[in-house]
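To begin, one chain is listed below as C-alpha cells, in the form predicted on its own.
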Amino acid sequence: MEIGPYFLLATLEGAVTAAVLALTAVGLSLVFGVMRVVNIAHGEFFMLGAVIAWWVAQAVGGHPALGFAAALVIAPLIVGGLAAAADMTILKRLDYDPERTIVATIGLLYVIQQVTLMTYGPEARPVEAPFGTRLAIPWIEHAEGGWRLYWPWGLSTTSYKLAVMAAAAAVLLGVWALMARTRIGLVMRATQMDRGMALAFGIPVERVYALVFGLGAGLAALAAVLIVPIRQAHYLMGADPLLLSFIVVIIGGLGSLPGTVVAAVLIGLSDGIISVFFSPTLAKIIATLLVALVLVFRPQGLFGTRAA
C-alpha cells in the first residue's frame, strides 16, 4: 500500500495536536505579552482543566455529552478564577518582577501538582467523548485506467477529533476578536504597550493583569477539556504542554498571537507526522533543535519585533 494514506492519517493526528497546542500556547503568549510574566505553572493549569473535567463528568453522569458540555464551561471558569486569585495574592505582591515571578510560578506549579495528587490520585482516568463516530479516510490513487477513490482498510479518524479542530479554530478566532475588536482588548493592548501611561489614563492595570492571567489559564484548561477524551487525565500531564507551549511561543515570537498560532500549527503537524512514522522522542528533539536555530538566527522569533 502507498505511504500516502498513512501520511494523511498522521497529518490529521498532527492537526489535532496543533489545535490543542495553539489554545494552550496562546494563553501563555497572552500572559507574557501583556504582563511580561513567564508563567511556569501554565502546564499545571492545563492539567487542572483535565482533572476538573473528569470530576465534572463523573458528577453530572447520564449521557457523556451532558458531562462534557458542563466541563467545557465549568473547568475553564474554575481554573481561570484560581489563576486570577493567584495573580492578586502572589504576583501582585511581587510587583510582577520577572525573576521573582518565575520562582513564584515554579512554587505554584508544585503546589497545584501535589494538591491534585492528594485529592485526585496518581491514576490516569479517561473522560468519555460526547460523540465519536468513526470516519473512514478516503484516498485517491492513480492506477491503470485512471484515478480511483478507495478507503484503505483500517485507516480512519473520529468525528470528535474533527470537532476538536473546529472548536479550537472558533475559540482562537474569538480571542482575536476580543483583542482586536473590543474595548477590553483595547485596554489590554494599551496596558501591554505602556503600563505607566495606562495608569495615568485611569486604567485599572492590576485588574487587567488578573483578567489576563485568568484568561490565559482558562484557555489552557479549555484545551485540556478538549483533549482529555483522547488522552486521559493525569496529575503529571502538564509537563509536555508546558514544554511545547514555550517552544511555540519562542518560535512564533514572544507576545505575538499570530506567530504563536502559526508556530503551533508547524510544531503540531511535525509532531504528529514524526511521531507516527518515527517516534515521539524524535519529534521533541527536532522541535528543540528548531528553537535553538531560531534563538541563534532570529532571537525575536518568526513574527516578533526586534527591541529598539
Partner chain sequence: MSDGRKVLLLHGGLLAGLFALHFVLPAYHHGNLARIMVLASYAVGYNVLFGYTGLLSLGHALFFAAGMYGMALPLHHLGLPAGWALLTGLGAGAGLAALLALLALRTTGVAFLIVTLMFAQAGHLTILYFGEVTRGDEGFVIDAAQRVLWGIDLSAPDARYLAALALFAASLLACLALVRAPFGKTLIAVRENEERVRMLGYDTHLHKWGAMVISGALSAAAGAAYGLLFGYAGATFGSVQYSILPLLWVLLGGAGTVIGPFIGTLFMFYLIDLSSDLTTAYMLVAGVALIALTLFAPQGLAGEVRRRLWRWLP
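If you're wondering where the values come from, they're calculated on a predicted model, not measured in any experiment. Numbering follows the first chain given and starts at 1.
The form predicted in complex with its partner chain exists for this protein as well; it is not shown, and the discussion that follows is about that form.
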Heavy atom within 4.5 Å of its partner chain in the model of the complex: which of A200, A166, A177, V103?
-> V103
Hey, in the model of the complex, is M118 touching its partner chain, heavy atoms inside 4.5 Å?
-> yes
So in the model of the complex, does R93 come within 4.5 Å of its partner chain, heavy atom to heavy atom?
-> yes
State yes or no: in the model of the complex, is some non-hydrogen atom of A15 no more than 4.5 angstroms from a non-hydrogen atom of its partner chain?
-> no
Would G196 show up as a contact with its partner chain in the model of the complex if we use heavy atoms at 4.5 Å?
-> no
Is its partner chain in the model of the complex near all of L243, F246 and P299, within 4.5 Å of a heavy atom of each?
-> yes
Exactly one listed stretch (202 to 210, 188 to 196, 70 to 78, 103 to 111) reaches within 4.5 angstroms of its partner chain in the model of the complex by non-hydrogen atoms, and it is 103 to 111
